[in-house]
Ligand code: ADP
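First, one chain by itself: the form predicted alone, in structure tokens.
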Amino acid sequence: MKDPKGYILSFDQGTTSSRAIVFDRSGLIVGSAQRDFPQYYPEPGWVEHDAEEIWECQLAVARDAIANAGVEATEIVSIGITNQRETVVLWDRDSGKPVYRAIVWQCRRSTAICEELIASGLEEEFRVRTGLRLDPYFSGTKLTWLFRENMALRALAENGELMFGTVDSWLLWKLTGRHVTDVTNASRTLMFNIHELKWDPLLLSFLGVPASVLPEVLSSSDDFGVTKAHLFGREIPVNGVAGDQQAALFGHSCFKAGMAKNTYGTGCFCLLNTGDVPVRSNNNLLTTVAWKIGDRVTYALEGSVFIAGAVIQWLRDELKLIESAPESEIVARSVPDTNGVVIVPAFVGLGTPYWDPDARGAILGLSRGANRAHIVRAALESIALQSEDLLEAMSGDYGKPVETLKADGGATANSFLMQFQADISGVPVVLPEIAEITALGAAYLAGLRCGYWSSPEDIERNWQLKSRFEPDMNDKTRKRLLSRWHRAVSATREFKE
């Protein structure tokens, strides 16, 4: 039965694919569509996208999702957008054409620029103002690289002829013709002061970025414009925008300070709501804007695990120990423990709280009795152990332990992993009924602005439990496993090429 109140359309623009989902007032999926788009690797460590391909892909799946839902565009009351963060798009103000391929968040080409800024003693200045580290992960130094490598682009930028945006800004410009972004995406650029909530002139001067290229910064639940009528046959308001991890936090209804979520994908992203206070981290976490609704800003602590689900892909594709990801759970359960085997999957370095890009992966604790099942189990355990490092760091910075961990992402289908996470962290792990929690968060932000949902409490009522995993490990065993893990991490970090 169709909802007389209409529906919310959510854009979920990711790193390898674009999705669109139509949600109803209960937060249930009515229709969806997804397509992959090309990745470009022009040099080792470089990752690029074609921004026009992203737009064409995202528009196509949006139209497909509406069709698959069996509804008309006239029934879509609002659009929400969530996106891969930190990716840089630069386009011509007049023609609207990108002047360079989008430089993806994974790209490491600005490493030397970060090192230069650190050597100049500027890291603390950036950290205090933005809550971030000087790392090529973030947008600002990617822009610096573009303007240094191509002086013609810099001249155009200084003349006000270019526009910069993260992927949300690019989509908004294509949809509405407005050059805008939201506070969550702005807070990931190294150019936005998260205390004053504005672009920071001093940081722009350090990076060599003209202010004229920057978008206007709005709240996460706001009036971002209306879509051009020809795109969907009518104008549709865009009322919600948030970077993917912040959108997931919102989708989990983590509205109160102290609530946390962990997304288990290729890597892991863990966010802790710290309320209206930006908590400075002493444990190498990032301080970021979680969202802004009206005049109220909510902040979060964030930590990243670089290799999570990717370690299962490694078992399957490189080691050939399993034929599919679901098989890893069956194999892991075939043995009572890892027989002393520990895997530290530092294939691309270690993320939070270590931030050690030079660390490399290792398998430790091997004995003659170690077999395939022990290695598979150790790989799964490594995902939870890395996530526990994040939770421990967050508890230390926030001053209170996390009481419950909300989880989403593909790897949450592995019940062994979820139970081990609860055991090793000593907290319940809960999974929502709706798997597309990131897209749902963007829909909620849009729906709040347009009145589709009346309040966060109205949204909270939609949250339905799918699974709950309670801790079931004695403290002695937990401490022994954590001690062994930390010794393994130390050994791994000491081994450098």
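Computed from a predicted structure; not experimentally measured. Counting begins at 1, following the sequence as shown.
As for the form predicted in complex with this ligand, it is not shown, yet the points below apply to it.
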Can you pick the stretch from 67-75, 419-427, 260-268, 206-214 whose heavy atoms fall within 4.5 Å of this ligand in the predicted complex? 260-268
Between the options 328, 166, 110, 338, which residue brings a heavy atom to within 4.5 Å of this ligand in the predicted complex? 328
Just one of 144, 106, 404, 414 has a heavy atom within 4.5 angstroms of this ligand in the predicted complex, so which one? 414
Please tell me whether any heavy atom belonging to residue 410 falls inside 4.5 Å of a heavy atom of this ligand, as the geometry stands in the predicted complex. yes
Although the partner isn't part of this model, could you tell me whether residue 380 comes within 4.5 Å of this ligand in the predicted complex, counting any heavy atom of the residue? yes
Any chance residue 79 has a heavy atom within 4.5 Å of this ligand in the predicted complex? no
Since only the chain is shown here, I'm wondering whether residue 159 would be in contact with this ligand in the predicted complex (any heavy atom pair within 4.5 Å). no
Across 331-365, which residues bring a heavy atom to within 4.5 Å of this ligand in the predicted complex? none
